[in-house]
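Quick heads-up: it's one chain on its own, the form predicted on its own, in structure tokens.
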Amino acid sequence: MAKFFNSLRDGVGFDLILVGAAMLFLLALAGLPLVYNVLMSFQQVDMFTLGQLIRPFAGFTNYAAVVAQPEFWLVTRNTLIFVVGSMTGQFVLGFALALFFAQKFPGAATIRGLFLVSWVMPGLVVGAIWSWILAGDFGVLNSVLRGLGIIQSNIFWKSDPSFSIWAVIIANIWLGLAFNMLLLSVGLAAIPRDLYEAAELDGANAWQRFWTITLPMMRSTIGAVLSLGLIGTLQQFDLFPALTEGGPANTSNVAGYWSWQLSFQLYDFAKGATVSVMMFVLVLFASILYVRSTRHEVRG
């Protein structure tokens, strides 16, 4: 006991207590539900056995049943389109804004701060705002596109099967744009200005400086941004009930929202858990990429 109190006075034991408390918190609120969810994907689950831990073993029956669902490949395609479209838009626009605000013109900090509004807003609020913007009959986006002469008649973004998934993608790009811009701005600020000055003296133009200095120096930051973007996009849920509810006819449905529908609308908890486990594998893969992309940066 004396050694324990001595370790607390030395600081080592206190550090262990803090780490142990954090680990217990993660185990209770993340680890145990994850294990329970994985177990449920291999069991036969209904409303009467939901509260039990030991249930009839189903093997890979639930996984085969999910793949055999008629909407599985449509949801998979939508998920791929949603992830690629969202990540591409967030990264390209975020990088462009980061480069723009790196010029340090008057008012840059204030304008950049305004972009952070989208990042701190709840997803349901963002969904409600974009529901008005994307409204087919009185939406702002249709008015702007008609004024520019791009479209001749209104587009019903949320109810047209050809545009419904893109409605959610547009809203998600706006939601994650500030996060990408912020991380990429930090990466740009860490690049020594001497490199740009030396390259400019050697006659390198703006594109050559970007290709030979900016991109190589930001490799770790870009890897982290893309990995976190993949994780955040796969976890996106709030925009779907606020905009399209996965419709019409599952044309805007993705894996995360489909898992919720299976569990809490159709009460097929085993299949819902199975879909979420499939998504967890993808998130785990993205997490590994994130750790690998930041390893060099952490080691310095």
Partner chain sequence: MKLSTFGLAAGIALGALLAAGPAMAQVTLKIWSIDGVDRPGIADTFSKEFDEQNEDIVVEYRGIPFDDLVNETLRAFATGNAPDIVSFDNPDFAMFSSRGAMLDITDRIANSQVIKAENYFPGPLNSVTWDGKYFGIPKYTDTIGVFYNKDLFAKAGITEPPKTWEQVAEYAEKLTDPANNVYGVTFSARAGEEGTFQFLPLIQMSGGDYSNVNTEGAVAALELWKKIIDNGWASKDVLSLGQWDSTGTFNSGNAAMAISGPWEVDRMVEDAKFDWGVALLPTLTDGGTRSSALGGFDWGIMSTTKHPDEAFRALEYFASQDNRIFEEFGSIPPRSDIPLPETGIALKDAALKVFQEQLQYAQPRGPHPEWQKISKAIYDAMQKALTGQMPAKDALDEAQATIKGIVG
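Residue numbers count along the first chain shown, from 1. Nothing here was measured: the structure is a model prediction, and the numbers come from that model.
One more form of this protein should be noted, the form predicted together with its partner chain, which is absent from this view; the next part is about it.
For Phe156, is any heavy atom within 4.5 Å of its partner chain in the model of the complex, or not?
Yes, Phe156 lies within 4.5 Å of its partner chain in the model of the complex.
Should Val67 be counted as a contact of its partner chain in the model of the complex, where contact means heavy atoms within 4.5 Å?
Val67 lies outside the contact set for its partner chain.
Though only this chain appears here, would Thr251 touch its partner chain in the model of the complex if you measure heavy atom gaps against 4.5 Å?
Result yes; Thr251 sits at the interface with its partner chain in the model of the complex.
Partner contact for Leu26 in the model of the complex: its partner chain, 4.5 angstroms, heavy atom:
Flag for Leu26 set to no.
At 4.5 Å between heavy atoms, only one of the stretches 115-123, 202-210, 129-137, 219-227 reaches its partner chain in the model of the complex; which one is it?
Of the stretches listed, the one contacting the partner is 129-137.
Of the residues Tyr267, Phe60, Phe57, Tyr36, which one places a heavy atom within 4.5 Å of its partner chain in the model of the complex?
Residue within 4.5 Å of the partner: Tyr267.
Residues of 28-48 having any heavy atom within 4.5 Å of its partner chain in the model of the complex, listed in sequence order:
If the 4.5 Å heavy-atom criterion is applied to its partner chain in the model of the complex, 28-48 yields Asp46, Met47, Phe48.
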